[in-house]
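Below you'll find only one chain, the form predicted alone, shown as structure tokens.
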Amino acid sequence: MRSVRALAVVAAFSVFAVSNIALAGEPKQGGILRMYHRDSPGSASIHEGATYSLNVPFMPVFNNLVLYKQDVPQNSMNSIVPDLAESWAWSADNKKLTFKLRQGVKWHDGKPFTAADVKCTFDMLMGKSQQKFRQNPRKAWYSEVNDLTTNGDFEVSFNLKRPQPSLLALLASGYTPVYPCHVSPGDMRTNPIGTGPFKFVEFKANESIKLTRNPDYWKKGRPYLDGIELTIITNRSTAILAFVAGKFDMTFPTEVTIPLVKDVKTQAPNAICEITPTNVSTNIIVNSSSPPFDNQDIRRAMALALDRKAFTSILFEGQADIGGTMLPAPAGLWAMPKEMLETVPGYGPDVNANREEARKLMQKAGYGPDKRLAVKISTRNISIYRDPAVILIDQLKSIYIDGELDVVETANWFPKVARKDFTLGLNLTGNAVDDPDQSFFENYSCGSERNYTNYCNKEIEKLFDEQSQETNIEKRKKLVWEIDKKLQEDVARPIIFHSRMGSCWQPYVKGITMMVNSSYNGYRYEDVWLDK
């Protein structure tokens, strides 16, 4: 069901992971894993967030029904394993997915976990309960679920409107924990209660986040660590220096730039560093419902102005990937072939010709050397957003657009873009699951909370449904490529590049696996231990 290339990637990474485990020896109990955090998340509620600034510290607090195997780098259907569910089965018509649940599991406050908690969680996610999330960025994931039904305390079924094979993949994401029925959404923002290997201790905004070992965890012998502590350091250079000095066991995952990885290896040669794809695209969000970007010519001109290779050269020493909506191969399983991608306007190699065409479109819209378009470019106030935003501003000057940087704090970023309170923005979009259903429905379907650009194409949306139901992988891929190509041609959310980033940890930290096609699913940390 996967390409030969993708299988080779899985095999290579799997051998690496297995050899690491073999070399590590017997896990030891005890110790606090200390890492820095890049910024202060808006709350502790994963379901209300849209950044792995939330997943990294709070995924260890929870369990899912199913989970991507934490020591397999490439997420796929083959790497999904039971978590709170012991088993699952599809009905003959593929419209009902039933889970048998694990018995004897307790929430951190001692109350028993049951099927009612699963139903409560997904009723809230679907907007069908009296209790509401303040933000619900992944509601679109469950648009094809009619309802959930329970059979006693330990069986729950998802009843679908139509077949959706990828539902299992969505349920395995770090973005899909099960919440307790007896705790309000408001309390989950400040004092999250889970069933996971670690219990929440405290979250001091702009200072620190602390978790402690759950002594009653249902998986006997886990976790190995006594706790996890994250210190919030927003200055990347300060944080890296503290890691090099030995104050931290690990950097914030996938936050170390390629040049900084070289610095770390020079100053701390024993540190283990890996550079991996993140399945996070840097892209332009444009408010297409308000002037001047309601004009298709201006949107197309902006896309044509991009010199993607300049971005990757400046920021990643050429090591980032250029692609469409889906993560490029070989790490990504659904990428458009290169020869197809290069037929999309703006992706061809002749940047000067592209920009000449862009200037003609801008002049058609009434702009030129003597009448330039002034616009604020909003972005999140952390370096991985700010740095490419500065390059974008410089490139847009070539087509008569003068941009002014507007930086927004993390806690305010998602609410701001969700309410369309911007004109033009430099955004990072993480695909939590390497599956078209997650990317297409969440980011491009009409009315989705994370469809920041107000893009709405009913004909394309029909294709979303068509590919989602297709069980033949090769047929589905061709549909996905057709959709992705059309999204780029429509300037729905111009993709600039897909990043590769580094993660570093001290040599005594064992059991770390960095996932290559998601930055959102690998932070359970129940198998991590310290060899010291």
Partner chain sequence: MFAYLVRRLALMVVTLVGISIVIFFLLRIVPGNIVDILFAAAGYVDPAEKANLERELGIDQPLVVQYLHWIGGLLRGDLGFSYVSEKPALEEILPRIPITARLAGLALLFSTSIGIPLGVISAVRQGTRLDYALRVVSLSGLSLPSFWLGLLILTASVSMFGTMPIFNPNPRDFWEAFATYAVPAAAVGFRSAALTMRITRSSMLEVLRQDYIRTARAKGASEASVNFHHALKNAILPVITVVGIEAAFLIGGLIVTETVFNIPGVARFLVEAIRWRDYPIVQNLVMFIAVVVVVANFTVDMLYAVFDPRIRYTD
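What you are looking at is a predicted structure, and each value in this text was computed from that prediction instead of being measured. If you superpose the two forms and keep the largest set of C-alpha atoms that fall within 1.5 Å, you have the rigid core. Positions refer to the first chain, counted from 1.
Same protein, other form: the form predicted together with the partner chain, not shown, and the subject of what follows.
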| item | value |
| --- | --- |
| The partner chain contact at V81 in the predicted bound form, heavy atom, 4.5 Å | no |
| Exercise: Y452 in contact with the partner chain in the predicted bound form, heavy atom 4.5 Å | yes |
| Contact test in the predicted bound form: A245 vs the partner chain, heavy atoms, 4.5 Å | yes |
| In the predicted bound form, T231 touching the partner chain (heavy atom, 4.5 Å) | yes |
| Answer option from R162, R134, K265, R386, heavy atom within 4.5 Å of the partner chain in the predicted bound form | R134 |
| Listed residue (N412, T343, Q319, S91) with a non-hydrogen atom within 4.5 angstroms of the partner chain in the predicted bound form | N412 |
| G42, A50 and E207 each touching the partner chain in the predicted bound form (heavy atom, 4.5 Å) | yes |
| The partner chain in the predicted bound form: contacting segment from 461-469, 32-40, 499-507, 55-63, heavy atom within 4.5 Å | 32-40 |
| Core-aligned C-alpha movement of V407 between this form and the one not shown reaching 2 Å | yes |
| Core-aligned C-alpha movement of Y179 between this form and the one not shown reaching 2 Å | no |
| CA of R380, rigid core aligned, shift of 2 Å or more between this form and the one not shown | yes |
